[in-house]
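Take a look at this one chain, the form predicted alone, written out in structure tokens.
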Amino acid sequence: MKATAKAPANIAFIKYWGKADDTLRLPLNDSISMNMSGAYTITTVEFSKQFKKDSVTLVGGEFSEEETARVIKGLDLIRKRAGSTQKATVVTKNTFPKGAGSAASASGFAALTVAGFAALGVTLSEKELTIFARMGSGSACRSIPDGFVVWEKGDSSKTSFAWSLYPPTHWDIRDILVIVDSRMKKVSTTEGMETVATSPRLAVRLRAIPRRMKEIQQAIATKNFSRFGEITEEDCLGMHMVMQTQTPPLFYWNSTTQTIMEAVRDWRKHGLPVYFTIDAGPNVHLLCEGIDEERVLAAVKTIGGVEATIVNKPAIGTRIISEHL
């Protein structure tokens, strides 16, 4: 009873920061994202009556006790739904750094959910899979459907799920993930969200989300790149303003992050249409259309402090694959 899934990380254009329910991981707001072709997780899950306990392995790295416990909790949810008591071995690997603000938990729990249910022979709808993935890591629900994805916040576990707005082929855009620090961040996303309510900027941001969601969906529908980029940057900065005004404040950016943000604005002034967005970490996502990919990459090479770049096109969601780890 073994299955392997490949799950993309996703980059949110309208982001989620803060939970309405910690246990169910219900978000405070709707969000919208794109799956990333070059940043993904592959996970093999095997269940057996012969296993005495659960085992979790990260290829090329290691999980903390807390991270391992989260994976096992995810397995428990899968077992409960499947009516199984069998223990499991989980082997997983990423193509990008975990814990550095690049959505490794999203792809990780999406892959765990899809592989876990497949290994136990349980078939669920895409909607159900997004709900179970969400309970492992909120944004994991967005890594299951294809392409451009909406996550509805809902008001219960059944009404908080993700669905595909457009397939990957809808729009030839790029997310160039610029790695400026691959180390594990000191404050995890989960921990950081715990004090979101202390920010005086939270209410302002939440009031703006419905307008942004409507406008960015219109921009994606019409492929209006400049408007799409403006809204994405606006939401990114609004989220980080909330983080930076929490108690205690959270400053995920480093000096290279800020250098890139300033450079992007300068590049635009000189005719290069590119925008940035940043999750809960220092690494920067540069958004451009496919025809401008090489120009953006060339511009990035002029920035010091960059460890690596990963070029991403819009991607399909989580799938079962035949090769096991």
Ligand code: PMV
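Position 1 is the first residue in the sequence shown; the rest follow in order. Remember, predicted model here, so these are calculated numbers, not experimental data.
We do not show the form predicted in complex with the ligand, though everything after this point is about it.
When contacts are judged by a 4.5 Å heavy atom cut-off, residue 130 does not count as touching the ligand in the predicted complex. For residue 150, no non-hydrogen atom is located within 4.5 Å of the ligand in the predicted complex, even though that partner is not displayed. Although the partner is absent from this view, residue 232 stays clear of the ligand in the predicted complex, with no non-hydrogen atom inside 4.5 angstroms. The ligand in the predicted complex comes within 4.5 Å of no heavy atom belonging to residue 173. Here the chain stands alone, but in the predicted complex its contact with the ligand, taken as any heavy atom within 4.5 Å, falls in 277-285 among 277-285, 255-263, 292-300, 42-50. Taking 178, 119, 88, 239 one by one, only a single residue has any non-hydrogen atom within 4.5 Å of the ligand in the predicted complex, and it is 239. Of the candidates 84, 199, 164, 105, 105 is the one whose heavy atoms come within 4.5 Å of the ligand in the predicted complex; the others do not.
The partner is not shown here, but in the predicted complex the stretch 9-23 reaches within 4.5 angstroms of the ligand through a heavy atom at 12, 15, 16, 17.
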